[in-house]
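Below you'll find only one chain, the form predicted on its own, shown as structure tokens.
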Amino acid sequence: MNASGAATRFATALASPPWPVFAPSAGERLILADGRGVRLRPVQPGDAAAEQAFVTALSPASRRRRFHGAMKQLPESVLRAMTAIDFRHHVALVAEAGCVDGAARLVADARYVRDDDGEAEFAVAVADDWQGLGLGRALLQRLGRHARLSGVATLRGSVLADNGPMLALMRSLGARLRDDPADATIVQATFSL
């Protein structure tokens, strides 16, 4: 498929918002390619333990791909920043697959943080045993939709050059990819909304 077709698909996916304004009670049920279901919803302030459990459960390779470095768990300051979302400058969605010991079991996290120049930086992570099922795509499409409706002109993200699955997803969604001139290990992915 050519880049124009992929860009058209991404633009079409942005056409109808899942939530005009993200509210903590908003949610959407999504059935994945293998038949498992998740609930897509905004991050809530009470998700700190679930976010920490999600990141800790990622394989070292998946944590490296998401955070571009080695870490076993989120430092308290990062955890606080990842769950104190204002939904204007920082927008975050999670995929929840039931509960474990009374806490939400998160299997994916996607977010963007807005700049003052009308752009936003995005990031996405999917639990290892939930990858390749369309979950990352679904979250990115919803983030893009929200960003566009919120006046963001461009979404951009840094992808490790050896992260083949993420680069393939970026291509399929019509992202412009270019090598980072300052870091040969990074590819910059950009979506015009």
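Note that residue numbering follows the sequence shown and begins at 1. Predicted model, so just to flag it, every value in this text is computed and none were measured.
Beyond the structure shown, there is the form predicted together with a small molecule, which is absent from this document and is the topic of what follows.
In the model of the complex, at least one heavy atom of S172 sits within 4.5 Å of the small molecule. Using a 4.5 angstroms limit between non-hydrogen atoms, I31 is distant from the small molecule in the model of the complex. In the model of the complex, the small molecule sits within 4.5 Å of a heavy atom of Q131. Although the partner is absent here, A125 is a contact residue: one of its heavy atoms lies within 4.5 angstroms of the small molecule in the model of the complex.
The single contact residue among A147, V55, M166, L40, judged by any heavy atom lying within 4.5 Å of the small molecule in the model of the complex, is M166. Proximity to the small molecule in the model of the complex, defined as a heavy atom within 4.5 Å, holds among A50, L155, L135, L143 only for L135. Judged against the small molecule in the model of the complex with a 4.5 angstroms heavy atom cut-off, the residues Q44, I85 and H90 are out of contact without exception.
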